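The chain that follows stands alone, in the form predicted on its own, written as structure tokens.
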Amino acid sequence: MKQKVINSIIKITLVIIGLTFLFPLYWMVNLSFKSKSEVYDNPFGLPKEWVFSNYGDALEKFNFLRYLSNSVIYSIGTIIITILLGSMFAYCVSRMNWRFKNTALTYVSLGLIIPVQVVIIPLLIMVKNMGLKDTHLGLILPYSAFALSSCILMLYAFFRTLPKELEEAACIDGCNIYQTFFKVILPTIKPAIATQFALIFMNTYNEFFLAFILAANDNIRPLPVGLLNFFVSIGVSHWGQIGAAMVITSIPTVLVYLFGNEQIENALTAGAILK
């Protein structure tokens, strides 16, 4: 009886915690359908009058397509570079025997504990000296550098579970090391690649600090910085349009998560039991 009471209390507590995570999403969507006056008169309740025109007005004032195209360029570019380089490095340290491979892996792992705020000034100088300031590549390369550590560690764990017979069979069939990697090894870790695709996309799409510092030109700024410009331009006079703009910018990441959440959960669970 006592154990049932404890379990019930734990379940109720978890439900309350889960609802607190969902509340900001509810508040954002609820806000986007309210008029100017109702935002202050009825801040948390459902709208008495649903104002759908907030979305049309927000799209008219907010250059959504330009900022969205920049965000997609940054996300896809970062994904390609990170997964290509990260998978090759992870394969080298997990499947090959060479001197200092553990040192190299430790060095790359340090990237997980270095905050971007610590290196922002030298990073800004490097990007400027390389002539990449206010270019898409000037953000894609730093994004890829900061994403490599987690990508390598996850793929490293997956590569270590593969049997050696895969490489031996490929070698007997006449494959060289590159053919073995791209045609035999990579297809076997598709779940991990899909997981990295979703994680890198969401992290890059939502990133604000680096984009705000390194992309001074408004033509190359991504959605989070564009959203800030929209807030500044209209002030706090119309929270309904601000809510509508936030909902619009959140849709791509929500869709990516909905399509990739199963792969992410499977990969994180698998990583927890690997040696």
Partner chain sequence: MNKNYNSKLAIFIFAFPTLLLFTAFVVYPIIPELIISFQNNDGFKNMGYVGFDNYRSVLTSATFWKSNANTLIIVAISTFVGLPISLLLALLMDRQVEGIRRFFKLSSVFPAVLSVTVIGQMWIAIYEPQWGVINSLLRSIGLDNLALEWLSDKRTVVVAIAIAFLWQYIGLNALLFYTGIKSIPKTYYEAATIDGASFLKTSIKITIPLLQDVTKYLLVLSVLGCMSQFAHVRIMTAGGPGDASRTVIYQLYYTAFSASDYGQGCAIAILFVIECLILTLIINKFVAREKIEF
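None of the values given here were measured: they were computed from a predicted structure. Numbering follows the first chain given and starts at 1. Each form is matched to the other, and the largest set of C-alpha atoms that superpose within 1.5 Å is called the rigid core.
The protein also exists as the form predicted in complex with its partner chain; that form is not presented, and the subsequent description refers to it.
Put simply, of L153, I189, L141, V184 only one has a heavy atom within 4.5 Å of its partner chain in the predicted complex, and it is L141.
Residue contact check for I125: one or more of its heavy atoms lie within 4.5 Å of its partner chain in the predicted complex. In the predicted complex, its partner chain sits beyond 4.5 Å of every heavy atom of G131. Taking the partner from elsewhere, P43 is found to have a heavy atom lying within 4.5 Å of its partner chain in the predicted complex. Within this chain, A58 is remote from the site of its partner chain in the predicted complex, having no heavy atom within 4.5 Å. Although the partner is absent from the chain shown here, L22, V118 and N176 each have a heavy atom within 4.5 Å of its partner chain in the predicted complex. Along 1 to 37, these residues reach a heavy atom to within 4.5 Å of its partner chain in the predicted complex: N7, I10, K11, L14, V15, I17, G18, L19, T20, F21, L22, F23, P24, L25, W27, M28. With a cut-off of 2 Å and the rigid core superposed, M96 has a Cα displacement that reaches or exceeds the cut-off between this form and the one not shown.
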